[in-house]
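Just the one chain here, laid out as structure tokens, in the form predicted on its own.
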């Protein structure tokens, strides 16, 4: 019961935060250079047409009144507005593009879990044999490089090396080749939808096209997870309770599992933070690799002063961030019984 009340309280706090963020964004985008009416109708449009367009889009009203109309549209018709660039509804664009971004982010986290997490555990071991020392030297260089290399620069370097020079990887042409068609929309994930459609050739093509952007995100944003897990594992394996466990004859496997459990809490917290950075990193990585995801959508909206998509993206990012932090807190409660929900000891 307490967990339900805690979730409800967090969601209640989420509502005013999202409203405030969306209003501030709504007001700030109006300060972007350019006239949406002029850009939509063209430079030769008469002033009467410009004025009629402003009335239609409510640009002639005060900003608080514009925001109230926009907010009512969300609650009554789930209407996030209309993009003046392509004339489509923003909610339709978001439904098409959110799965693209989530697919890249989830694949990057899976790659981190498969490669970097085991490396962090191996290099934290107290036994210093040749294999451990070898991996420690490699991961030391990785930690230094990943912390200094921007994601967009790594993406450009990978395109230059593996596509332009060697031609062994696909170019920045999206999730599929230019002559390939996406499978029927089910989840929006090119890999899952290809499996559902039974098209394995399309599945492997999508996986091949996603390899470089996924690796770019995992390489850059997996470093904090790797460093935190290795640091926490080293501290746990050198702690007095570990020495005591070894002294009483506990198996090395048992000690290692206990140490991993101790290290999992802080690692989980930093993973939640990294997920937020992944969403921000997707903005540039999707632009570099021409992925039609939410990040590319936001960049295009900012460049063209397309008000509605910008507000929708920032609002989605705010909601996504708060829900991820809520999920991290709930997972932390489940992993560590010493933490009391709501901070109460009763």
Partner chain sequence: MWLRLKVTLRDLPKWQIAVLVMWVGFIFLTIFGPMIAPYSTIEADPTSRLLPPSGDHWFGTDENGIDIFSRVLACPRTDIVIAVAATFLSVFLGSPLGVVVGLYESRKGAISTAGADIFMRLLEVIQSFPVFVFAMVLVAIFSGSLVNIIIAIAFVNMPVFVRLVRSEVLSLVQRPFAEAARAVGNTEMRTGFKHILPNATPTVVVQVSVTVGFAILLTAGLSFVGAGVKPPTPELGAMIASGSKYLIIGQWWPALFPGVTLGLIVFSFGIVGEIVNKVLDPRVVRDGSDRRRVLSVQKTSGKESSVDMPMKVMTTNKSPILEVKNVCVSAGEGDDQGILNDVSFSIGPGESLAIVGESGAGKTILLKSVLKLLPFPLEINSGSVHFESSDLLAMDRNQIRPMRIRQISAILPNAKSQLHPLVNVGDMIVGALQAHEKIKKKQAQKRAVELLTMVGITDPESRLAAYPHELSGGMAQRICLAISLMYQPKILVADEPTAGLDVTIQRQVLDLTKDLAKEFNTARLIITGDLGIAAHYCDRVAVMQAGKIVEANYTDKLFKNPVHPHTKQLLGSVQS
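Predicted model only: the values in this text are computed from it and were never measured. Positions refer to the first chain, counted from 1.
Omitted from view is the form predicted in complex with its partner chain, to which the following refers.
For the residues 134, 208, 196, 241, the 4.5 Å heavy atom test against its partner chain in the predicted bound form is passed only by 241.
The partner is absent here; in the predicted bound form, the one residue of 186, 110, 250, 138 having a heavy atom within 4.5 Å of its partner chain is 250. In plain terms, the part of the chain that comes close to its partner chain in the predicted bound form, with a heavy atom within 4.5 Å, is 272 to 280 out of 93 to 101, 67 to 75, 272 to 280, 210 to 218. At a distance of at most 4.5 angstroms from its partner chain in the predicted bound form, all three residues 262, 314 and 318 contribute at least one non-hydrogen atom. Taking non-hydrogen atoms only, residue 28 approaches its partner chain to within 4.5 angstroms in the predicted bound form. For residue 172, a non-hydrogen atom is located within 4.5 Å of its partner chain in the predicted bound form, even though that partner is not displayed. Contact between residue 322 and its partner chain in the predicted bound form is found at the 4.5 Å heavy atom cutoff.
The closest heavy atom approach of residue 310 to its partner chain in the predicted bound form falls within 4.5 Å.
Using a 4.5 Å cut-off on any heavy atom, the residues of 127 to 161 that reach its partner chain in the predicted bound form are, in sequence order, 127, 128, 140, 144, 147, 148, 150, 152, 153, 156, 157, 159, 160.
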